[in-house]
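Next come structure tokens for two forms of one protein chain, structure 1 first, structure 2 second.
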Structure 1
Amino acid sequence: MNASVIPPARNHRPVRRLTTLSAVALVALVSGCAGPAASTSEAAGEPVSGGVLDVSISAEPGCLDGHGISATQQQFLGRLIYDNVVTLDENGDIAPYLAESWDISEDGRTYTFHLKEGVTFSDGSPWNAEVLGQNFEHMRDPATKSPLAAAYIAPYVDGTVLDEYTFEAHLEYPYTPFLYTLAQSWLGMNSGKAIAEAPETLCQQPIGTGPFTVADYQPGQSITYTKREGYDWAPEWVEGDGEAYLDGVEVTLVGEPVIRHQSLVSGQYDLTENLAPQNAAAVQADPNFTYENLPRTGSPYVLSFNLSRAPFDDLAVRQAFAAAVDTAAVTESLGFGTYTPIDGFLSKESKYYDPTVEGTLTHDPERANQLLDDAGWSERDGEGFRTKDGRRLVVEVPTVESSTPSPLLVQLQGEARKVGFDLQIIQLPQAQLSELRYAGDYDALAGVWHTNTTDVLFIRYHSSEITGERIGQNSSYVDDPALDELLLTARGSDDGPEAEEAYSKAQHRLLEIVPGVPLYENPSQFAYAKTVHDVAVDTSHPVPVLTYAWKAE
């Protein structure tokens, strides 16, 4: 393995700077991306320093230490206060960030990072090799209770500080996704001083090297960020130097989609990070706003079956449920034309996505009925649900309690009933839902998993990721030796033909196992006022990056 040549990633959406469009610009179709915004450096004028950007978010993570959470909002919020060891550039290739370069041993098990000098954390402490080692240990410290970062660096064994700015990381086995994971927002670098002296404070008072600092955090309400004085080490793709232009960013939790939309168009907020699909057409048609609908890499939305217990321990029942669901109809209803249906277990935006998987899992009620008849579920009770040996074909799907049931699960409930499944939506408090999830006490779960590496297939479906001594993400309880071998081969292969072949075979093997029903791509939908300029979009996560954004009043 040679670190000097890193093959280009494929199928990554290019990062670009989003800038103001003329009011007469053509409006793209709602069902697709809003499209790259044309450069308006002349039309918008020179960047203006000052001002506070008001942002609404749909949920807040409850903790701002990326190492201790898996919240979606960290993709956006983390870029305000953290920097990473490496980044993905505008083409999706691994590029320097807090590490200027790195070497990888021939056996793929040793990574030597040569770190950028002169970088400091907002508490004044330095960035160096010792701090990188502290961050790795903090990620996997049981006290951090990491649901994500620890799993991403699981092959990491230990490290050696070779000198002040050179760190050698030792892995248990070759792990090509290592650099990709280090580019993700959840794996941003924390202050070594804070980790050593007060790690328990990082949730409420995170200390990073990023362009902004946290001035005030009111959990469940708001987060106030202020500009970091002296910042000057942004990655090249952000296209800027020095400190941020904005004086700060004010983030407010606005849970109701309708209110988020209304407060955006009324001017109360400059940007919303999670625009509801039902409001997309109106915002996209409004010349005062820029709208983006970008698919995330990783796993699409999937209703995952629990293969470790009835009824989904039976392949025929899994195949029948998948054939019963009209994915296109469900997607259209939920996404108002903004969602993209998918029939595989890997996002089409992900590297090594194999298009030959398409067309295998199709809507076929006749086949669904035949499969259930053949599996012994041939009788019907008085309500029309299938029975076998006097038992009804029940599928219990727990979800977090809400004033209204999950629209997705309601849609799936209707689809499944057509062929005789009794899908029951069980609403529970979040704590109780988590207990069921970790105990495997459910028939199916609806969810999604975003990551910038195709290793998502390992995370979601390798048998080692079944929850045991640690929390794993194989919620389908897939335990298939053939799949395990393919995923381990892919994980240890250099980027290139060997990895491509293994990932292709893994995608096809999943279609044979049917660990769930793939539904639609995982979208990042956000919008902001045209008075906001030079918003960048991350390649690891398709979310707005505000490092050199500015406001024209």
Structure 2
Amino acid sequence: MNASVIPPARNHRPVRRLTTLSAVALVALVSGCAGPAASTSEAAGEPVSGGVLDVSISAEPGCLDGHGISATQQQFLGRLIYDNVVTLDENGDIAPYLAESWDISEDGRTYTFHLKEGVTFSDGSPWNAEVLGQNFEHMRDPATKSPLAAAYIAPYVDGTVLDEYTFEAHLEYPYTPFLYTLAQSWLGMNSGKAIAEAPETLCQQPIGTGPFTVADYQPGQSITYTKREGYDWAPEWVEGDGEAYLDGVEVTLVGEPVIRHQSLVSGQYDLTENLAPQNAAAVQADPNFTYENLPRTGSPYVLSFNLSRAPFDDLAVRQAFAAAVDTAAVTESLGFGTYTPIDGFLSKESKYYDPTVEGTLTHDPERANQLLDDAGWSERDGEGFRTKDGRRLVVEVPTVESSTPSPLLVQLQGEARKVGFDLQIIQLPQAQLSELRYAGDYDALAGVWHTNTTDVLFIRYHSSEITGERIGQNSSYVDDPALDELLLTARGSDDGPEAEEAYSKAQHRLLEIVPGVPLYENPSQFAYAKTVHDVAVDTSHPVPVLTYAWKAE
């Protein structure tokens, strides 16, 4: 394993201390840093028990059962009430959590979990092998209406309870991402008793083994958490023992970004889970607050082309569009300097990220013009757009309706126009957008897809993930046998050189296919008052973890 190829630095702690450095320098530094985690908080004395932490969030899922939702906020909310079978440690490697150890069979299809003993759910029921089986069933039970968890464990066939604390899971085919997905918030463990007795209540009254429990949930407004008495099974990387220091956490929905910022600064909230980039500089400059800007793993922000129809069925047109966009300039203005541009299809913090992809998809308007001329789009119409056989070079990009058109798409529109593309932004309500999306009726779509496994490349670009009978996330309609082969090999291989090689080749293959324009790393930005200490950061998704956070008097 070559440390320069596989950055061991999915360790976010050094990042936290370096947020004031320029993003480029930061990434270089982090990728070069192979040492163990540096100590996190500034010296702040002994932790103080008690107090309620007031948190503002940007959106609220409407349901708190991770198995039944796909909302981004679950990354943060789930950590409060749930524990997972396994976790990712500070280096991004699989580590014990509710399972103390596990064995994987030679063929990669049988996982034997040895579970931690003595763990209980907040309803008093025990954690054991039977409950793990119940959770798998709950995730894929159509009644749970799972938009995400069920797909993550799709290869799971069935399981056997070997004894009270040993569970054997059988997979249909070797699937190395299995453990990674089990570490994600959406796949936290629910009480077996509740799943058996009243699964329909889990959305409003979720019951986990986590450091906090839901005391009151007002959908659309607030969630009140209280400390779980007797909690004592946090994963090692959280660095603490026993119960949480905080008596509780009060999470309030504050939808407007400007209000989230102002109410943080005024002291109404101690922490905001989502700080808008336009407010980042102000909070960063304020000595009373800690500001975090952490890259997420998975698929970065990409404008994905639809390869199944004109004009992007033509490789030259895709290459031309990619060369036309000045990613650095777009990113700078969009993120107010807080976003990092990227030119590959995998986030740099992801395992198996291959830095040799950098520098291939570059801004080169001359080349873009040349490519379009050669591809036959050489005529111009009255408005200056390119045409071919009398048809204009139109790119339709649907997006969700809002009061102002997406600033990103407006910028891309301007960039594309310079070489003669007519990028049309089509605003639609969410329902209509979903339908269009699954019908493949668009030329390009902008979006991200964050996950803690590099299998995101399979999810986004494998031909079996093209929406057909099943809803898939291959919205680019990439159907490339060579790439399919690589991605299948990668997900079937154990972590190691074989997976590394396959993922590296896949990343390079994507540069040849050009399924979209990679734009920037979509970071997790949050901020909290300096009176709050020991806020840990998750490595599955870089969100604050409050298990052993505390508030100074």
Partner chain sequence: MPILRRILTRLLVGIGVLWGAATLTFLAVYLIPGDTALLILGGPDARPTAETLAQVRSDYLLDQPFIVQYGSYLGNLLQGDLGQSYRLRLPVTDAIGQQIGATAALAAAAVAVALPLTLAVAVLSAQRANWIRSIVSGVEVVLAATPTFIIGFALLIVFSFSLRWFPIGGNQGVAALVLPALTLGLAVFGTLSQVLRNELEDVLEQPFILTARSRGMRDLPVRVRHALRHAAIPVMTMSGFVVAALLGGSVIVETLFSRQGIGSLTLASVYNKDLPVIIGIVLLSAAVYVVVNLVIDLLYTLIDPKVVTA
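Residues are numbered by position in structure 1's sequence, first residue being 1. Everything quoted here is computed from the prediction, not taken from an experiment.
Which of these two chains, shown alone, is the form predicted alone?
-> The chain shown as structure 1 is the form predicted alone.
If one rigid part turns against another between structures 1 and 2, which of 453, 419, 238, 524 falls at the hinge?
-> Where C-alphas switch their better-fitting rigid part, the residue is 524.
Determine the rotation of the smaller rigid body against the larger one between structures 1 and 2 and give it in °.
-> So the smaller part swings through 11 degrees relative to the larger one.
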